[in-house]
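What follows is a single chain, given as structure tokens, in the form predicted alone.
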């Protein structure tokens, strides 16, 4: 394990281990936290890496406590890597006041507006610094990476993959914020982190990136609950479907009847997503 990692806690789980770490991030200018599930196969050699990006108000613990992913990840031999959702305790004024921006709401962008630009660089953290740390510190096959996420994290997973074509072998999302430029959550976050000029926002919007024709992803799997209270105003999966159709991006968009936005929904369909990724990662 790298000397720059500080182990906060470790727990036996389905023959593997869940562990929580802290480290000093150069990208984010202070301490960052993340979690790792090492499946039992990692004791014998390197295993593929699946990153999970969490949603608003979540921490690096939320997914591993609520999603029920470890049992199947152990069977499939997948390492799960879960970053926190933002820098914390940065000293930025009012960083904890609004749950939609600031603490636990990093939106997986690299902020360009002050004061956020000094610390909130979640895209670079997730795609560069954290993978480098994982590759140095754990038995990870860094030639076999995949990414998925939920809500804000679903947006993050799609954008990370679109901005780094060829990087991830598979991508999926639960109830992603599909068109942040066209919903209140995204408009608020982008205005805060990226400034008022909406042209700069396009580089961080899944539907805009797809329409630009610059990159394609492996076949996407997206699940969306029909009883999700954020469906119409914030998530807009119909815009994702339109953008995929226009760009020729393969998409399986499944509307799950009666399911809401929370982890009861996520955990119900977690196995499908893990198998989706395992198929690509172990091919």
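Positions refer to the first chain, counted from 1. Please read these numbers as outputs of a predicted model, since none were measured by experiment.
The form predicted in complex with another copy of the chain is left out here; the points below concern that form.
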Q: Name the stretch, out of 231-239, 24-32, 253-261, 44-52, where some heavy atom lies within 4.5 Å of another copy of the chain in the model of the complex.
A: 253-261
Q) Which of 247, 215, 59, 70 has a heavy atom within 4.5 Å of another copy of the chain in the model of the complex? A) 70
Q | another copy of the chain contact in the model of the complex: residue 221, any heavy atom under 4.5 Å | A | no
(Q) Would you classify residue 64 as touching another copy of the chain in the model of the complex, given a 4.5 Å non-hydrogen atom cut-off? (A) yes
Q) Listed by sequence position, which residues of 109-124 have a non-hydrogen atom within 4.5 angstroms of another copy of the chain in the model of the complex? A) none
